[in-house]
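Quick heads-up: it's one chain on its own, the form predicted on its own, in structure tokens.
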């Protein structure tokens, strides 16, 4: 019976590592020192290397972890937020965090184009339906303009992604502010 608790502990450690790595990547980029991730997770560096032998392994795992977290957050936010529009706003904010972390991924995976393509397909398969569901719910509730009902999750995600691109090259560029303007522009005018 001892293998069960160790496996559970290992899974918990891995989740803590992924959460810590995502936090550090958002703050410092994917080239952040492994010791910073270990400190954030409260584990030794050996624990990180046991789970993720290379930086690329860690980055890909964080990417998948964040895609899954974003995908799971959509329905949870829709169920718990005061309105569908509020759920959409909160989900987009989480999506922006994900995009900031994702930025360095292409450089890390340059030598493995098929791996990058598989991750991109995973991203689209998991997140486009969630974004579409949130947008549809906000349209149905009357909070988002009806003429945007056909916008769809993919187009909205592309718009948000395009606004986030400039953040990596210019520290004064405020992607969150521009994304907030985009999302506010979805709202149906009062009256």
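So that the term is clear: the rigid core is the largest set of C-alpha atoms that superpose within 1.5 Å between two forms. Residue numbers count along the first chain shown, from 1. Nothing here was measured: the structure is a model prediction, and the numbers come from that model.
Note that the form predicted in complex with a further copy of the same chain isn't included here; everything after this is about it.
With the partner removed from view, the residue among 55, 51, 158, 126 that has a non-hydrogen atom within 4.5 Å of a further copy of the same chain in the predicted bound form turns out to be 158.
A single residue from the set 69, 43, 61, 165 has any heavy atom within 4.5 angstroms of a further copy of the same chain in the predicted bound form; that residue is 165. Interface residue remark: residue 178 is counted as part of the site for a further copy of the same chain in the predicted bound form, having a heavy atom within 4.5 Å. For the chain shown alone, residue 174 is a contact residue for a further copy of the same chain in the predicted bound form, at least one non-hydrogen atom being within 4.5 angstroms. Proximity of residue 34 to a further copy of the same chain in the predicted bound form falls outside the 4.5 Å heavy atom cutoff. For the chain shown alone, residue 151 is a contact residue for a further copy of the same chain in the predicted bound form, at least one non-hydrogen atom being within 4.5 angstroms. After superposition on the rigid core, displacement of the C-alpha of residue 35 between this form and the one not shown amounts to 2 Å or more. A shift of at least 3 angstroms pushes the Cα atoms of residue 28 and residue 72 further from each other in the predicted bound form than in the displayed structure. Whereas the shown form places them at one spacing, the Cα atoms of residue 26 and residue 181 lie at least 3 Å farther apart in the predicted bound form.
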